[in-house]
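For reference, the chain that follows is the form predicted alone, supplied as structure tokens.
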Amino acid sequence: MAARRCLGLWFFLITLCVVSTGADVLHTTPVTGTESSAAGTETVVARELPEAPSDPGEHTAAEPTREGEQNDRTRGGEQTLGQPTREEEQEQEKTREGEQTPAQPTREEEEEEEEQEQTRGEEEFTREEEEEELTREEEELTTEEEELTREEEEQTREEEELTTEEEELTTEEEELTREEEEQTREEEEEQQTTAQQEEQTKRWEATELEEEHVHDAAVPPLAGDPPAADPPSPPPSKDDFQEELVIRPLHSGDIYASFQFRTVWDADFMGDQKVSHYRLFPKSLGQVITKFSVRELHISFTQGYWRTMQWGQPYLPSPPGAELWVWFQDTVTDVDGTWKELTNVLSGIFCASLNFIDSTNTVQPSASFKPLGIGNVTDHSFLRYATLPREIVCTENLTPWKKLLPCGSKAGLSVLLKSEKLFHSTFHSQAVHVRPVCQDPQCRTTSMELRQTLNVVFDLHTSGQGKREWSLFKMFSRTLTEACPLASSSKVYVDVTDNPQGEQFELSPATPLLTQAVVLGDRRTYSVYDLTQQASFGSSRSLNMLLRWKAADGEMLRPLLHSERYVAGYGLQAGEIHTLIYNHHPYRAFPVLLLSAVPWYLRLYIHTLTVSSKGKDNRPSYIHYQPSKDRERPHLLEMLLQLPPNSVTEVTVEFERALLKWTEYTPDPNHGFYVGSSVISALVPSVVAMDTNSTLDRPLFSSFFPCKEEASYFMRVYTEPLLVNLPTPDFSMPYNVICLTCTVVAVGYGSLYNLLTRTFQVDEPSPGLAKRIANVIRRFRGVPLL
């Protein structure tokens, strides 16, 4: 039994050792490839040894001492290498349990780990901020690059504009050079013709001298005969031509340009002697004045309305449309017939619709439109006045107007008159004035004056750029290169009265020449550019004045005299015409003369005429009224009123609309009918003393209206034209009636005519094809037919 117990204990120990060695095998490390290859199929398993203890006196279970090994060898006898004892196994199990159970970290380690996590978060946050800053910098760089590209595009556009302007300048220079070449050719041809004429005259003089010598030799002079005198030479013609351009910057930012061309000829058109030789004076007008015995002729063509409250007063006023008034000489017997012929001739000269002027729109004023030339004519039966408010001004009116100039549109200021720019403006007016003037203060000799004027206002927004700067090239697409060679004076004036220190605008090139002139009762200062002096053109041989605004828009002007007119009422039967006349003078009252010409189809009720100022009745000191006649003459109303200081005078009159014949309506009757502007003539108090001597050398724009008093000056103001609707029938009704009547006639009369003229006959119906074939077969058979 004891032996059995020993054997069982021995087997138990062996199994326990085998189990422990199996656990050690499971915890061993794998062998490298080189070791496994060297050992062949057998693998050597090395046991993992724990780390050496820090204390040398201590020994682990994995490293038994030499004495223990020897004792085990003696005890175990045949014990194999690598099989541990129980103590080693227990120590190994303890170490395995220590390895399996993780070591709990200390507080310091946890704090270190938290600090590391915080540092990692901070690093990530800083990285994110750096990335955001980088993205922002990239976006800023992209925006800067886009701005640079935009600036480069703007620079390229400006360069393109400059190139286009340079090309235009080059084209203009080429045109000017061509024109100069043509002029030089014409001058050479003229010189050749003059040389040929001189040679011919020399030959004629030589032949005449030879004949005289032969005659003298044949007939010797007597001793008592006086010496023969030379034949009198014809007196040289005295004519003069002047041209001026006045540029006035307006407070609204617009530019007002006024051209003045004056031709004075010492010819007697009113005498019996006919004028045949013309040099500077246009022959077409000279012949008209001579044939129709015209003393004064005033004609204007205007497109647009002059805005007095924004632009002030113009140098030469004119109403919208066409205006014509003429003073005939007292030798004319049939004034109306001569007036009709004159309008037809002027219609052909100026290519306008003046032939539509007849007795229905012509009046004979009794107090207005005094002569502007010499002579105090009191018989107004030789005066005729007419307007066409619907006249459209275009290029065909400008071309004949320019042909009246001595230089045409080839040289001088007339080269700026380009129709494309003139008619692309807010206001445009061209006029021709012919009148006799005095040559000396005593008026011992007279001459005929032709004054051609052209006024134009360029709007700030029509240039297309919106910049507050102007130049001759921007306004007229051309520059000045020379004066008219036939002109004795050629100047350009720029009004700098409101710009004494250069605060409002900047003018370049600057000129040292300044002059003062009294215009419309005020003393104005002007910069002068004399085109007859080469210094005005500079080194570029071209004058292109540039005006650049500095300040904002100025305040609205309040002229001393201003007027308005409008139509009131409702319906198409009756209405009222209101005329407002403003006197903005603070303490001076002055008289005005109002003229209104109303067409006959507006029947005025003169008993409803009322005039009021400051809420009180203002009785006119003079009234002239000529009633109208249907289809013969218009209404004419003239009144002399006294305007109180700083007041508004209102003139009101009622009217009734007439029903016209269907042939008297215009092609567009629903557009309305125009009523011409009213005319207000006044002597306005002057701020400075006026010059009554009209023969002194003064700028042309300040010497048109004669002045007889130093304390006042003459002014003419025009109101707006009126557009009135008249009772208009439905012109589509005749068409409808024609269609209906034609339909009734075609249907009713046509059917009745057919019934009356048509004949009816009864025809037997012919047998059919099958029946014919059957009858043929029946004939062959001898059977009776069907």
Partner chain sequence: MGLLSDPNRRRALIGMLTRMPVDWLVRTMQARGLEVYTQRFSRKLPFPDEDKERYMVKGTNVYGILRAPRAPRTEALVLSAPCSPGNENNQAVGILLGLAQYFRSQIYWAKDIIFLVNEHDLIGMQAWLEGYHHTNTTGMDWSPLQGRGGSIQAALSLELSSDVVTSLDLVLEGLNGQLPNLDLANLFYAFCQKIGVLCTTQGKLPRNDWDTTSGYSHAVQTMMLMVLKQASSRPWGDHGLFLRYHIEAASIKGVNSFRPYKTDATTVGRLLEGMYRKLNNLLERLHQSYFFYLMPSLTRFVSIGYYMPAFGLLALILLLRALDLWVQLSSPPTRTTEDGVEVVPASPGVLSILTPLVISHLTGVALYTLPVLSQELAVEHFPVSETEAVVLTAIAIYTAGLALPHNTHRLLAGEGTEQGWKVLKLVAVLYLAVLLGCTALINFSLGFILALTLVPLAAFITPHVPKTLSAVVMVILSPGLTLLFAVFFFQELQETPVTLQEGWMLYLSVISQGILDHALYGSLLYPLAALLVYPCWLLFWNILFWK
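Residue numbers count along the first chain shown, from 1. As the structure is a computational prediction, the values presented were derived from the model and not from experiment.
The same protein has a further form, the form predicted in complex with the partner chain, not shown here; the description that follows concerns it.
The candidate stretches are 347 to 355, 473 to 481, 595 to 603, 300 to 308, and the one lying within 4.5 Å of the partner chain in the model of the complex by heavy atoms is 300 to 308. With a 4.5 Å cutoff on heavy atoms, P669 counts as touching the partner chain in the model of the complex. The partner chain is not shown here, but in the model of the complex it comes within 4.5 Å of a heavy atom of Y570. By the criterion of a heavy atom within 4.5 Å, G412 is excluded from the residues contacting the partner chain in the model of the complex.
Although the partner is absent here, F423 lies within 4.5 Å of the partner chain in the model of the complex, judged by heavy atoms. This chain appears without its partner; in the model of the complex, the one residue of D268, D336, E650, D530 with a heavy atom within 4.5 Å of the partner chain is E650. For the options E341, E506, D630, E564, the residue carrying a heavy atom within 4.5 angstroms of the partner chain in the model of the complex is E564. Of all the residues from 768 to 786, those having a non-hydrogen atom no more than 4.5 Å from the partner chain in the model of the complex are A770, I773, A774, I777, R778, R781.
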